[in-house]
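As structure tokens, one chain now follows by itself in the form predicted on its own.
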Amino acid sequence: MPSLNQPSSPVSRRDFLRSGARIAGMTGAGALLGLMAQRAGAVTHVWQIDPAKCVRCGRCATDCVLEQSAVKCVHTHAICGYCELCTGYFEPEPNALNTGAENQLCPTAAIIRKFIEDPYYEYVIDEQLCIGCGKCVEGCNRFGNGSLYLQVRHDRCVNCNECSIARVCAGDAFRRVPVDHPYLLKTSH
């Protein structure tokens, strides 16, 4: 019976090189497969909403796979009129033109109204509160100049292969856009 401390037989140079070649080949093959998998999984296109096609149906708020939708309202200040009576902020017939909850159109108070100077107000979206329901966008497009619109925010989106909102979008507004230009900006109304 051999002792546990007994040295094993010496490795020949040929066996050493053969083993080294096998290890190098397997490492190279693994690296190549990893690189191919990474390239195959690389995201080249993302989902986005075309503001011109959006019908503000409210499905962005309810059909996203995330608990809170990755779709958020965005505001193009260049288009905004900074109106005292913003139809994207206020209910159609508000009791008063103040920030009271009973006067606000947004169900989560995600639009912040700030006085600038008479008669101008600035409206800013708090994306943490926005659920993507589109009520403000509907009001802004119906009576205003369309400075509020919905967009998929890619810092929140999980980039589903088959977007659950896109499948049910009433206006067929969702489309795939290149990842290097992920936002479709609204430039005019």
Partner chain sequence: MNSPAHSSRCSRRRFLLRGAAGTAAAVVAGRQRGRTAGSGDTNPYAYSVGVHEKTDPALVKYVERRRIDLPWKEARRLAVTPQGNLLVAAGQRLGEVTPDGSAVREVPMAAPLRCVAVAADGTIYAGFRAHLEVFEADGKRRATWEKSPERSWFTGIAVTDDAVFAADAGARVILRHDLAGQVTARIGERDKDRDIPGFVLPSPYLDVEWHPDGLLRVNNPGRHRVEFYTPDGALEFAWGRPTMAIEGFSGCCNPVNLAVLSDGRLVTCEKGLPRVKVYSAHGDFECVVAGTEMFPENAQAGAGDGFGDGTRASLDAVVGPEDRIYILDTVTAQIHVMERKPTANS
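Numbering follows the first chain given and starts at 1. As the structure is a prediction and not an experimental result, all values here were calculated from the model.
Only in words, not in the display: the form predicted in complex with its partner chain, which the text now covers.
By the criterion of a heavy atom within 4.5 Å, residue 133 is counted among the residues contacting its partner chain in the predicted bound form. Residue contact with its partner chain in the predicted bound form: residue 112 places no heavy atom within 4.5 Å of it. Residues 118, 119, 120, 131, 133, 135, 138, 139, 141, 142 are the members of 111 to 142 with a non-hydrogen atom no more than 4.5 angstroms from its partner chain in the predicted bound form.
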